[in-house]
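Below you will find one chain, with nothing else, as structure tokens; this is the form predicted on its own, and questions on how it binds or moves follow later.
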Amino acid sequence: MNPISRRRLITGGLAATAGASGLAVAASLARRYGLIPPDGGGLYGPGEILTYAAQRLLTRHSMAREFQRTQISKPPFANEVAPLPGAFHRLQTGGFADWRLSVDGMVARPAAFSLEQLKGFPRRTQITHLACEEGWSYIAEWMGVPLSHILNLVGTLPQARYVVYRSIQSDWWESIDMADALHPQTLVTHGMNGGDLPVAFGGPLRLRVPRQLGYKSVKYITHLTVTDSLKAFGKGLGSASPEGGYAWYAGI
């Protein structure tokens, strides 16, 4: 069966079973094709599964809307963050010269990249909307290196399924599947609105995932881990978000 007809079969089946027999049956069909998010268990699991499966089948290669420069929010609206640790302030005092983004896990060549190195990689600029579920939403110009470029440099192994990313704030971590990790709009961002990425907006480095809600675009990132399973991370739900009551997959 070719990919197109297979996709139509699965999406048609998901829609039909969701309407006729309930979410549990649709979730069973998604399970058969490996379209299960890490937080797919529990009371709301069938709904999370149906959302993730449908989005992946229908919008895997879709692009987030990009705006004109005249539509950039003035001023952008930074949300509050918890006090940053002493290690952050020491790095800030040194102009972030010692900041490192380490990459490990299922890669052929684990590495640690300085901010200077990252700024020297091929860059992409996009003007996209950061959609926050709590109202901290704005349009900004983001500049950075595509995450896919970094993953190519370290040699992601074929069995990889997810990228876990962590902030210098130890309890702040997220993950995305490879569809979003390799998407051209997913950036390791170091610039905003023509300058360096301000600390209030996640500087010096923020992962920008414009196809998902704002909480997936984690600030102050220091560590990427490529993996084939999320069960060993935190409570096994995929990120800190579902541990706190949000969905792991937050597609928009």
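One-based numbering along the sequence shown. Quick caveat, the model's predicted, so the values are computed rather than measured.
Just so you know, the form predicted in complex with a small molecule exists too; it's not on screen, but the next bit is about it.
Problem set entry | Interface membership of H190, the small molecule in the model of the complex, 4.5 Å heavy atom rule | H190 lies outside the contact set for the small molecule.
Exercise. Might A112 be said to contact the small molecule in the model of the complex, defining contact as any heavy atom within 4.5 Å?
Worked result: The answer is no: A112 has no heavy atom within 4.5 Å of the small molecule.
For this session: Decide whether T156 counts as a contact residue for the small molecule in the model of the complex under a heavy atom distance cut-off of 4.5 Å.
Result: It does not: once the small molecule is placed as it appears in the model of the complex, T156 has no heavy atom within 4.5 Å of it.
Exercise. Would V226 count as a contact of the small molecule in the model of the complex, using a 4.5 angstroms cut-off between non-hydrogen atoms?
Worked result: Outside the cut-off, so no.
For this session: May I ask whether L130, W172 and G214 all come within 4.5 angstroms of the small molecule in the model of the complex, judged by heavy atoms?
Result: All three within 4.5 Å in the model of the complex.
Exercise. Out of 64-72, 41-49, 194-202, 179-187, where are the residues with a heavy atom within 4.5 Å of the small molecule in the model of the complex?
Worked result: Only one stretch qualifies here: 194-202.
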